[in-house]
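In structure tokens, the next block holds one chain alone, the form predicted on its own.
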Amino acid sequence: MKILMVSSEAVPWAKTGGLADTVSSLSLALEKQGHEVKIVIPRYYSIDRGKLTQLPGAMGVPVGGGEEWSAVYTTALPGTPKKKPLQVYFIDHEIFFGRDGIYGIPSQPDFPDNPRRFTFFCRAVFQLCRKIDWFPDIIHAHDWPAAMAPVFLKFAERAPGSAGEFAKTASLLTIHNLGYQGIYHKDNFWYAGLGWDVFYHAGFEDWNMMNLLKAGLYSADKLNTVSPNYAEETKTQALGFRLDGVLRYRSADYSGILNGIDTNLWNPAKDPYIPRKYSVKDMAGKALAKEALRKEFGLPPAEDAPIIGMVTRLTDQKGVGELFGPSYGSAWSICRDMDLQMVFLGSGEHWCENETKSLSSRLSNFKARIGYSEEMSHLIEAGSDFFLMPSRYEPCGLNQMYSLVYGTLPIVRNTGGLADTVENYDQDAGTGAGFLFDDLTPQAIYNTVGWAVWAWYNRRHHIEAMRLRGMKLDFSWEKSAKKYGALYEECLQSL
């Protein structure tokens, strides 16, 4: 099967979150299973053209009642064989993409021309296929920046009177986070070059605005999201971000497939970032990682105390208000009342960065670092005993899966992909592989951390058994890729 991944991000070239990892890792896994996969993303300013190969000739893209011209570059996705590389294509348009930032910059988080930037990109996808004379069976679009691709496929490329090259092409739209939808003023719609009848038939209308993701949800042949539980949650008013009605309407075409993780990169038996590799057969390296983590963060010696780790963005979605909110968050009480240590790595909202710095200066058993470090995130996963994720909602989540394979027990809210991957502790039977709570309140976080710490001091044999149970779980992309293969078949059968 020929599959074209349409995305605004892909590692190692452009990344703001898990979307970039998913696109590249899923593509690799599908290629290994015999599919022919190509990826297309914009060529942002940060992507060095000198390391890419330019395809000969300019490429015209019909938008805005005229034509925009662009260049196309290509290279191979790292990790694919030289004899049969997985090609990644870059749409180069200096005005739209020759700037710092993917969606915006700190002083302007959302570029005002984003609807035109990504409309152009999605239209260029079809011209790229013509240019390289390669027509996919499946166009797999990811999130709102790529949501116009299913719209163009349905209302332009497969419409009566079209050229017909895409007559047998089906589309899948994956929701990575329903909280981001691409909502802009409808005055931008003219740039798509589609009639105003399409504006209403495709579902763009959103309170006198245009909603790119909503149009993609109406137009794609099949829809999915990144965990089964999140698929159900997004059909509710509480977590549907005003699109729950659309998703209920399309529920027969909507499903959830859990993301995988890169088990070559995130694997304590192979990890180059930790002091000593370890596995279920030899756990000595985890104790060394814990000691190294203490020293790295300047925590005082505390031989028996558990360490709770966190690596996260400081945003409302991650439950940071309930944890770090001045005067009401539970982090201060947790560190004051319990015999434990806590380390934090991340960045985000300024008030929360300042609060974690304040806690670090006032508490000897809490230490925070603002920013991100790949090496440090691996050490936190390996050296911590527990990993805290009090998310308001979590489409899939990766850190809880990293934690499980590193023998670090997750303390998570019972939501989204967290609920799909973490089995709750049963203190009578000694089963489970983590600790879950339902209500996102400071008290619930406090009580659940207290429960985990109680088990640490009173049921250590349970803790050790849970660690080994988690490390044996399979979160590889191979399982997820097979499910995507089956979903692609359903897409084609729907035509």
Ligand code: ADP
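The first residue of the shown sequence is 1; numbering continues from there. Owing to the predicted nature of the structure, the values given are computational and were not obtained by experimental measurement.
The discussion below concerns the form predicted together with the ligand, not included here.
Taking the partner from the other structure, the ligand in the predicted bound form has a heavy atom within 4.5 Å of a heavy atom of L398. For the chain shown alone, K154 is not a contact residue for the ligand in the predicted bound form, no non-hydrogen atom being within 4.5 angstroms.
In the predicted bound form, the ligand sits within 4.5 Å of a heavy atom belonging to K318.
When the ligand is considered in the predicted bound form, T312 lines it closely, a heavy atom lying within 4.5 Å.
Heavy atoms within 4.5 Å of the ligand in the predicted bound form map, among the stretches 128 to 136, 275 to 283, 389 to 397, 293 to 301, onto 389 to 397 alone.
Proximity to the ligand in the predicted bound form, defined as a heavy atom within 4.5 Å, singles out one entry of L340, L345, L178, V405, which is L345. Comment: the ligand is not present in this chain, but in the predicted bound form one of Y372, W351, W196, W207 has a heavy atom within 4.5 Å of it, namely Y372.
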